[in-house]
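Starting off, we have a lone chain in the form predicted on its own, written out as structure tokens.
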């Protein structure tokens, strides 16, 4: 079942994979490139990268389960659940093997998918999520995720909250998050992302990612923000010792939200990796 919603730079539709119905934004033509956002976010954050890459690829950004306008089941928010969604989507789109670009949660899910289903994946760009993330980092992440479940008076209040939560993300990108990630509810605006799904997803992020990194055979580029508070320098170093064959790009000055803070460098890293 497909439902189209026109937009300035891309078309939006809901794709029934037989397992779950996912909302996607898409543009362009060519080999398939899928984009997967971080926790509490949605597919709209990838519009700048899609605009630059859609002249070469069929670019499809996905609202992952529990997020955006996609289905929000009551349970099923572990890495394997997300990976099965991605595999089902690739099969349903039926455009051959996909390049997966994932940020944070999306990076975890992309690497997991490539390890489980190498026949469906060409390569992975994993942005700012690796094995060996420290427990205290996950504790802080869960607190931030749970704090976001609130009602805001208007879009200006949402933007003010997001600007405080993400101080390095440019105002234009904050506006995209505010306009795409909230809905009218109870006399104000509430996040589209299901709070129950976010709580389960945050807990699931603690699961061991080492086996997926050990098993993945498709090319993987690891991207880290130099000032990331999620992926420490130590976590990146341990990941490189685990898989010294995987290339790494560290983006100067960027925090965890690499693709929004430094979209030009992110674009260059993606294209250099693919063209190589």
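Keep in mind that this is a model prediction, so the values were computed, not measured. Numbering follows the first chain given and starts at 1.
Just so you know, the form predicted in complex with a further copy of the same chain exists too; it's not on screen, but the next bit is about it.
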Determine which one of 24 to 32, 37 to 45, 58 to 66, 243 to 251 lies within 4.5 Å of a further copy of the same chain in the predicted complex, judging by heavy atom distances; exactly one does. 243 to 251
Give me the residue from 203, 122, 190, 175 that has a heavy atom within 4.5 Å of a further copy of the same chain in the predicted complex. 122
Decide if the three candidate residues 219, 273 and 276 all line a further copy of the same chain in the predicted complex, where lining means a heavy atom within 4.5 Å. yes
Flag residue 208 as yes or no: does it have a non-hydrogen atom within 4.5 angstroms of any non-hydrogen atom of a further copy of the same chain in the predicted complex? no
Applying a 4.5 angstroms cut-off on non-hydrogen atoms, the residues of 222 to 236 near a further copy of the same chain in the predicted complex are 226
